[in-house]
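Single chain ahead, written as structure tokens, the form predicted on its own.
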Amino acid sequence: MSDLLVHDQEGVRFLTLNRVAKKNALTSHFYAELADAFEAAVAESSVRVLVIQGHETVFSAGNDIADFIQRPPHDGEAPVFRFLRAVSACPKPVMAAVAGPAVGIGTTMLLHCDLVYAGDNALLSMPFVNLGLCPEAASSLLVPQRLGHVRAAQMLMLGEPIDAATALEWGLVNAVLPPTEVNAHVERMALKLASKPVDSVMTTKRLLKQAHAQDVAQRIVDEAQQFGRLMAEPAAQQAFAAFMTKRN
């Protein structure tokens, strides 16, 4: 079965992360599937809204470390960067339903979503420094813009997670619901959004994002360069080795 389930309903394309046994950890192949799905949705006029959703127990554990070690992203055409470009520059509205852990890119991808709804069991974290790495997905730009420097430092420098109530207070999510209700609520909201005039909605999104669009694209590139440099440093190598030893 595919790691990504795709289905359409009344102008909404639902992308369901479907690797629950592995906590929806993202592999190179998984990123490629997500990038392909976004690119196809943008090209199809019948798709008006995209939804990313996980399971009521987990959104995503972030990168699959074993796969990441075996297939590190070497350039801008790596699947992870294709996905980041697709989600960050998507001209159509993107919504997310988040329950359970959202680790690393599981949180940073939410920064590019227009509406985010969380289960009360959601736990958002960006622990890149714990692996000897740095922020990605333009999070070093978008998190301080959204939260201010001290809260951004708490999440990105200390790597500390925040719960759903804090994410709501800090403006990272629109609402908090019981985990079993999140996907259904997002479905209702997505169908509501898809029923509105499509040109009006897309124009509004473009205007909302245009002030920072170029900065976001450039920051994704800048972070990727530093990320790649840090991956080769001893701190990251030791962190990866410790993770794999613990897993085995």
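Numbering starts at 1 and runs along the sequence shown. Nothing here was measured: the structure is a model prediction, and the numbers come from that model.
Just so you know, the form predicted in complex with a small molecule exists too; it's not on screen, but the next bit is about it.
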Taking a heavy atom within 4.5 Å as contact, would all three of A25, I65 and V103 count as contacting the small molecule in the predicted complex? yes
In the predicted complex, does A61 come within 4.5 Å of the small molecule, counting heavy atoms only? yes
Even though the small molecule is not shown here, does F128 get within 4.5 Å of it in the predicted complex, heavy atoms only? yes
If we take heavy atoms and a 4.5 Å cut-off, which stretch out of 140-148, 79-87, 103-111, 172-180 is in contact with the small molecule in the predicted complex? 103-111
